[in-house]
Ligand SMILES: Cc1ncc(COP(=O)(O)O)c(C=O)c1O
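Before any questions on how it binds or moves, here is one chain, the form predicted alone, in structure tokens.
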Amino acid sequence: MPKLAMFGGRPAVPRGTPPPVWPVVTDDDNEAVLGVLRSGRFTAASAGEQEIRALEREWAQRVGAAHCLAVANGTAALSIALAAAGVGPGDEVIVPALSFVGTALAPVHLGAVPVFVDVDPATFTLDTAQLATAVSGRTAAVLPVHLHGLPADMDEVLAFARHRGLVVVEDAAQSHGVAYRGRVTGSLGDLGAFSLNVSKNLPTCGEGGLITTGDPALAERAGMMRQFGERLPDRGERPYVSEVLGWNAKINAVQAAFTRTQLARLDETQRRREQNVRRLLASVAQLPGFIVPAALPDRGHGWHILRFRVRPDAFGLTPRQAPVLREVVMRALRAEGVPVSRYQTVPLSEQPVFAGRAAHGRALDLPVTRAVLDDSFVVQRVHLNPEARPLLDLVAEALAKVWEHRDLLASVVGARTRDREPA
């Protein structure tokens, strides 16, 4: 069998192989941005500006929501959505412990308290069985995250929330256009929040966000909150009167124009990404040492991030050796030219901004989140390009090569484990 690159062999991904770029920038994107520059209309307050309003209309239609508001970024989208729904100081918001930090920062910026709950070991989304334990008399909202592009169990979340009178805000930052039981993420809860960060499946040329809702009152409040609490008229002069506490969280027209041309290609890009990723996962699923990301029959998947788990038992190791095995596997894959990383290293509750500060969060037991963080690694971004199939085929070869050398890697893990044990 070929020697591992970490021990002097030839890497599965040849050195110098250019990674597939993301986002893909076409002549249509360039022309859309240049069109805004030529127009001189750069913000929502510019007379005659159309790109921002058009993006809002098109995304509302794509999601199946009555209203959409474009904002500065995904975290602002979450904060404004929660604030528009009435979440404020002292309220509790239930969030999954495995997510990007912005999920939990959003309620904290409002003076609310995130309550961290565990995730499902297969989907990595909020474990709905934990909701009854997490809720208290101060709970105001549930913030499910469609992590990595897979929708959370929204029917269960919504049933629980409706029974308790709680607001549901979807963190759909990684699930643009993804279906869940016949509907699309962002149209399921009271409000949905999307990120348009340049790394996302639907990107802009920098930062941006979208808020969706079917409630006109929530849309009106969110609209005021993104613009200093003002009501901006469709026509006529700006009033400069702030009616509610708001932010300056507007998107600009250049960003909106760029996202509109990306949106025109979203479904085709996602179709091709689906084919490429499914092909990779079908190959890796044949390797007993790795658990591939879950795909469920009742919902789609955006495949924004690909998280793989290692199985210590398949390598002849014990569960307590999982973190070291993951480290060794990642080192081997990087030597093979595979761009792997961890994407979160501790539960959200242990981020310094939250840990040890009762006013900034409380956590339930999180055994699954800890286990997933111990034994998993991710592939990010390179697979988003619809032309990524050749690289993903090489990634599959690299994983197979690592598995073929499982006994050697297990011996490395054993040696490292012994070195870490106290004398």
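Each residue number is its position in the shown sequence, starting from 1. None of the values given here were measured: they were computed from a predicted structure.
Heads up, the form predicted together with the ligand isn't pictured, but that's what we're talking about next.
Against the ligand in the predicted complex, the set Val95, Val115 and Thr139 makes no contact: no member has a heavy atom within 4.5 Å.
Proximity of Leu333 to the ligand in the predicted complex falls outside the 4.5 Å heavy atom cutoff. Using a 4.5 angstroms threshold between heavy atoms, Phe100 counts as touching the ligand in the predicted complex. In the predicted complex, none of the heavy atoms of Asn276 sits within 4.5 Å of a heavy atom of the ligand. In the predicted complex, no heavy atom of Val157 sits within 4.5 Å of the ligand.
The stretch that touches the ligand in the predicted complex, counting heavy atoms within 4.5 Å, is 196-204, out of 236-244, 266-274, 196-204, 250-258. This chain is displayed alone, yet in the predicted complex one of Gln262, Thr75, Gln321, Ser349 has a heavy atom within 4.5 Å of the ligand; that residue is Thr75. This chain lacks the partner; the member of Leu150, Val169, Ile211, Ala173 within 4.5 angstroms of the ligand in the predicted complex by a non-hydrogen atom is Ala173. Residues of 140-156 that come within 4.5 Å of the ligand in the predicted complex, judged by any heavy atom, reduce to Val145 alone.
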